[in-house]
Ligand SMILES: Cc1cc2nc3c(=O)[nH]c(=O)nc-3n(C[C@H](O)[C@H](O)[C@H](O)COP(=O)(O)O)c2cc1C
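Before any questions on binding or motion, here is one chain by itself as structure tokens, the form predicted alone.
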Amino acid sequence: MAYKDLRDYLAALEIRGKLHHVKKEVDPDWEVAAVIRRVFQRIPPARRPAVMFEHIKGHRMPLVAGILGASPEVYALALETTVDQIADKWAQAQSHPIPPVRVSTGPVKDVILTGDRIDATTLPLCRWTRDQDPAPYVTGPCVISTDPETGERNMGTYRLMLKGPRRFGLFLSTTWRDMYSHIMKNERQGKPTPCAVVIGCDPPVPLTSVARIRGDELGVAGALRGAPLEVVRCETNDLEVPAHAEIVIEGFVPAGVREHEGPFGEYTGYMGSSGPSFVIEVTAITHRTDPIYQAFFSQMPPSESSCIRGTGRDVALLKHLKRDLRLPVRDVHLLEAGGGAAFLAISLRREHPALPQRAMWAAWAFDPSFSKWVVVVDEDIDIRDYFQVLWAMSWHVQPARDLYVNRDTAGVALDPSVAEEDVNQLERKTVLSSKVGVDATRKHTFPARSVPPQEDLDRVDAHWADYGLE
């Protein structure tokens, strides 16, 4: 049964012992980020909980983080499935979206603030990299906009820098799709771009916002939850937003306006770029009674954002390669060490010598903003075990034959290896990069593997406690 809202999902985490409550008052300028960093560093994924900070210094709202990407198991719980069924659930949802249904009102309209009553500084926004982030940031927004020519809706997650009670800086890392395209089309006509920032929803909404999928994200979210998402009209524009959201910030991106934004501690593990960027002028804030603020924990992997980003993109790319292009692909995996973006592994059945290269190009064509490294291995290699991937690269590759370097390509967003000297933030989006493909499949018959027979290993596993190695 679909989660009704964020609170319904938090109750499910609570029942399974996956939500840890911090009752101590914490400082949003440094303490929230430091506590979450230690949670991800010191607690193995299998035991790692999401966290609710019940008392944020200077604010009334509690803050939750890690609730979608504390671990693959938590991610699966967010989709009401198991880890091994995540890909199938995503594939089904993308193939059979369920359009949202419009309702007259919902809990997100409990409180409606317009005019002088708007004050975004009341939200418990955090500084995630102390002494380097120039301001508090919204890290988990679902930003909705529409194409002014086609009316097609898009929802994406972008960093938002607090600039004042009614103003945010907006950073978009790609220039060829989604909200950037909407803003450019409106700017050519001298028009602002209406938008809505949704914070705190039942899990399929933010998960589809982060994933790179084709079609209406709200329709895919409906399919993921198994029931249409209820939406309501905004107060100050015609956009539709989830009726059971915790908070919605309505506004518009003014045409031709650019202001300094950044830097921000990014998923690459480095400070992201800064420079002239878009702004959002806030026209209304609506929220539930006693709202709960949701943040994504980003920065250096392992992090919540790298888990969410990699898992969502894995399933979208797998569907494209396997179901759309009908390639004999077993699995794809964007490694978390690469922020769920820069390092892609693909396992496949090598039916033709050129098939590994075809899979590389198909991945790059699907979305040129990730996969700086693509490593293709045989189908018997578990690409979610990085040791096996490195083993295949070590012994199945002849560099002069199996490495493919492609120059002057679109780059991975926020890649710190791209030189930034004398390049401002907007120009940086068009700076060219390069990509590497590694064919780590076996090109001829290899000797038998030097491992004990599986039945011997199974017998040891069955009596593991007898060896005193617990």
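We number the residues from 1 along the sequence you see. Not measured: the values here are computed from a predicted model. Only the largest set of C-alpha atoms that superpose within 1.5 Å between the two forms is called the rigid core.
Another form, the form predicted in complex with this ligand, is not on view; read the next lines as being about it.
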item	value
Any non-hydrogen atom of Phe168 within 4.5 angstroms of this ligand in the predicted bound form	no
This ligand contact at Glu235 in the predicted bound form, heavy atom, 4.5 Å	no
4.5 angstroms heavy atom contact with this ligand in the predicted bound form for Ser305	yes
Contact of Phe296 with this ligand in the predicted bound form (heavy atom, 4.5 Å)	yes
All of Lys109, Ala243 and Thr286 with a heavy atom within 4.5 Å of this ligand in the predicted bound form	no
Listed residue (Asp314, Asp202, Glu250, Glu217) with a non-hydrogen atom within 4.5 angstroms of this ligand in the predicted bound form	Glu217
Candidate from Thr268, Thr157, Thr129, Ser369 lying within 4.5 Å of this ligand in the predicted bound form - any heavy atom	Thr157
Stretch in contact in the predicted bound form with this ligand, which is absent here, among 351 to 359, 377 to 385, 205 to 213, 227 to 235 (heavy atoms within 4.5 Å)	205 to 213
Exceeds or equals 2 Å, Cα of Ser369 between this form and the one not shown, core fit	yes
C-alpha of Arg313 off by 2 Å or more between this form and the one not shown on rigid core	yes
